[in-house]
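Shown next as structure tokens: one chain only, the form predicted alone.
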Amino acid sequence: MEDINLTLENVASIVQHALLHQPITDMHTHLYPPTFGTPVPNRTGHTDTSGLMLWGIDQTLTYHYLVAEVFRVVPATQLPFEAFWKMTVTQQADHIWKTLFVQRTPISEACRGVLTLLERLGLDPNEKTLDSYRRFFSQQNPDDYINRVMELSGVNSITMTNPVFDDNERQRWLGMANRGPDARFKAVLRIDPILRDYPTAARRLHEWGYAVEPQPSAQSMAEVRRFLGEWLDRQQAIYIAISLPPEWTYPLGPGTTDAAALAGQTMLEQAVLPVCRQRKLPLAMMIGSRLRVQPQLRDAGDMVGRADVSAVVNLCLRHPENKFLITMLARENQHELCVAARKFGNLMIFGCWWFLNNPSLIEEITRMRLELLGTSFIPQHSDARVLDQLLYKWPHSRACIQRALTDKYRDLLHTGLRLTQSQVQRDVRLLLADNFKDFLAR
């Protein structure tokens, strides 16, 4: 088939076509297959109230994005936090729908996302109650519904996040010894307590039969390495991940006396990084979340903070044989992080995470990365915790990436450079799939 040359007139449609037809590798989510249980009633008659596969209208509406927003409209002085948390999920969803979608214009990105996913599923977003939506979801088979959502969103591979120190998650992995993996999902070993709260991690590891001592020692580090290796094998994990606060720094100053911080750095250098090197796995670090600044909001009470990019620079410089997947939460960090990525081939920046997952910021950050890094980055990941969020996060992000790429190709055309449709398809494949795959395989 003849390769089409780009022109100023056709470039937008060619970029749009390439983005719509490129299967997406969603390299960081919090999604799960049905084998991890689902709390949503469905036509199979099975409901697991502690299930980890979240989906459906009630789970979508009660996700923390909208919980925080609804308390701005109906503050705790009118509906106390305790009263809201005593509600059932159904009652919470009804309250949020009535308050943010019926009584007000649902103009925020979180609200718009709900409307987009309803439209993608062929549902009327103008309903005044949730009854018809609940009927629709109650008729779905979770396994089949995953396939439908992946097809509609353009995602062909979902990367999970699997916190091994979470008892619910851990027990499910231990109970799946005789089940094969779900080919649609790839696992990631999440190990926050080992670096952020080693004393607690040490107690848990000791309970699980590892000869770990309360303070880092040669024996403790060997046992942590054994623990990591066993769980990487059990999960068939494709990288190791940790979330870090904005205050995290590396290396610690010579006068540091914080025992937990010192233990975390020791475990990073003597246990986590050696295992990653041995197995050629990246360490993914999500930096900048300050947890529960408003504890009464629970998961909706987290905050963003500006982090220290020099910590990432030092990490890449001192450990050149390790690979690092890095995303930062604060907008103020994005330019410095992007410049740092120009200096280190072992650093891959990814996504517009959490509070950055808004179209104005996604487009701004994508344009900056294209200008500084070309196509050598991962522009987005969904970070979805509710399956249905794939139905809006990816279409909304694709539109932002499309506008940024279209303008950059037009800039090149103005120089007299000849460009073709196959080149656009190659670039889009790199951005949405191959940069991540190649970094894993490097």
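Start at 1 and count along the sequence shown; that's the residue number. Because the structure is predicted, anything quoted here is derived from the model rather than measured.
This next part talks about the form predicted in complex with a small molecule, which is not shown.
**Student:** Looking at 36, 55, 65, 394 here, can you tell me which has any non-hydrogen atom within 4.5 angstroms of the small molecule in the predicted bound form?
**Tutor:** Filtering the options by heavy-atom distance leaves 65.
**Student:** Give me the residue from 157, 243, 140, 116 that has a heavy atom within 4.5 Å of the small molecule in the predicted bound form.
**Tutor:** Looking at 157, 243, 140, 116 one by one, just 243 meets the 4.5 Å heavy-atom criterion.
**Student:** So in the predicted bound form, does any heavy atom of residue 286 sit within 4.5 Å of the small molecule?
**Tutor:** Yes, residue 286 is a contact residue.
**Student:** Taking the small molecule as it sits in the predicted bound form, is residue 369 in contact with it (heavy atom to heavy atom, 4.5 Å or less)?
**Tutor:** Result no; residue 369 lies far from the small molecule in the predicted bound form.
**Student:** Does the 4.5 Å heavy atom contact test between residue 69 and the small molecule in the predicted bound form come out positive?
**Tutor:** Contact with the small molecule, no.
**Student:** Any of the heavy atoms of residue 190 lying within 4.5 Å of the small molecule in the predicted bound form?
**Tutor:** Looking in the predicted bound form, residue contacts with the small molecule include residue 190, since a heavy atom lies within 4.5 Å.
**Student:** In the predicted bound form, which of the stretches 28 to 36, 410 to 418, 397 to 405, 371 to 379 has residues with heavy atoms within 4.5 Å of the small molecule?
**Tutor:** That would be 28 to 36.
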